[in-house]
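First comes one chain, alone, set out as structure tokens in the form predicted alone.
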Amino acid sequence: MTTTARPKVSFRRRLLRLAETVTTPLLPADYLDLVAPLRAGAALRGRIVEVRPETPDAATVVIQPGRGWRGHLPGQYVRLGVDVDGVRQWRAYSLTSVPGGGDRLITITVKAIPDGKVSNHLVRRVRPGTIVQLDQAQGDFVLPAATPERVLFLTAGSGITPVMAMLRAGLPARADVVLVHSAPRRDDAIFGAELRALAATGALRLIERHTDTGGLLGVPELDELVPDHAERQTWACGPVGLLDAVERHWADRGVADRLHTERFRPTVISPGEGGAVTFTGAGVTVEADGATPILDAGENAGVLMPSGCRMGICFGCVVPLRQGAVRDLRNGDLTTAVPGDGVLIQTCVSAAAGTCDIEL
């Protein structure tokens, strides 16, 4: 008679199976997330430690990242997931802290924009202790390994944020730095006092343009403001109009290879009533009115859609809104997204509020 030995099951595995039995339908990790959300091995999260006002409509958010955080380079950004009124919203923000700080804290600096659901929440409502979701840092708006001898920064509004990390990391000690920065008024300049202090010590040359009194900066003005600008390695970040003009100017001078740009939210979403809904995975586009749930519109077009209670209670129909705008049929609230935001919506209680792409 042949006897087959039973495989040995470790004591740890037995405990885990027992824990899973006790905690069903949740997993033991779900409970660990409640008491140790920043632990190693967990999904990457962060805990907000402090919110520091910078201007009347901007604030620096100090975050303690989880142990899985791999660090960042000056100029990179992080995607942040924050729950606003029960809906998880994702946005990308430049990191403004010096990499590798001894306290392991990171910072983002956020400017509240009109009707900005996430930016206003972070600047005015979020409180220390709040847990947020994080992705690893990314982006190539960074300095090269070999620091250029002469550097020009062109920034406007919150476009100063990625540049601030470069300055704080010691760039002025290694290069001749000129910063041309635009803000509506002197008090609206994010990091204004810190930048002026650097300029006062001779660490950099600062040129401020206050657009409410001096008008918008015309790129041709650089011939007078920074005569050698075409010879400098240049990093520009700000509104689309400024960056378009800068790119044309550098191309006309034949030095486009010396220009590096970072664009914030280049896609403009214009909410309306109804619109074309594209289910990206299925390759199907349908016209939906502003009163038909996206779940129904998809199913009527033969798209296989996840669903549950169909009343907005069970969250069985949650999918990513890749781009566009939807309206919550229960209360009329609008949700918008551009690629990279990672916004999740409930298709059973959401209708198209313009053209939108649903990721399936």
Ligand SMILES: Cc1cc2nc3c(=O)[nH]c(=O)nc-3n(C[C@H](O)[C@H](O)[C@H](O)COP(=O)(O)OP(=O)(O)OC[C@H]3O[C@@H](n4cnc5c(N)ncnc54)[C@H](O)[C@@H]3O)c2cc1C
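Predicted, not measured: the structure shown is a model, and the values here were computed from it. Each form is matched to the other, and the largest set of C-alpha atoms that superpose within 1.5 Å is called the rigid core. One rule holds for the numbers: they count along the sequence shown, beginning at 1.
Unshown form predicted in complex with the ligand; subsequent notes refer to it.
Q: Quick check on D115: any heavy atom within 4.5 Å of the ligand in the predicted bound form?
A: Because a heavy atom of D115 falls inside 4.5 Å of the ligand in the predicted bound form, the answer is yes.
Q: Even though the partner isn't displayed, in the predicted bound form is S158 close enough to the ligand, meaning a heavy atom within 4.5 Å?
A: The answer is yes: S158 has a heavy atom within 4.5 Å of the ligand.
Q: Evaluate H229 for contact with the ligand in the predicted bound form, applying a 4.5 angstroms cut-off between non-hydrogen atoms, and reply yes or no.
A: Looking in the predicted bound form, residue contacts with the ligand do not include H229, since no heavy atom lies within 4.5 Å.
Q: Counting only non-hydrogen atoms and a 4.5 angstroms cut-off, does M311 reach the ligand in the predicted bound form?
A: M311: yes, in contact with the ligand in the predicted bound form.
Q: Which one of W250, F279, W235, Y93 is close to the ligand in the predicted bound form, taking close to mean a heavy atom within 4.5 Å?
A: The residue in contact is Y93.
Q: Pick from R263, R88, R150, H260: which residue has any heavy atom within 4.5 angstroms of the ligand in the predicted bound form?
A: Exactly one listed residue reaches within 4.5 Å, namely R263.
Q: At 4.5 Å between heavy atoms, only one of the stretches 164-172, 105-113, 200-208, 284-292 reaches the ligand in the predicted bound form; which one is it?
A: Selected stretch: 105-113.
Q: Using a 4.5 Å cut-off on heavy atoms, what residues in 62-82 are near the ligand in the predicted bound form?
A: Heavy-atom contacts to the ligand in the predicted bound form: only Y77.
Q: Can we say the CA of P65 moves by at least 2 Å between this form and the one not shown when the core is superposed?
A: Not so; P65 is displaced by less than 2 Å.
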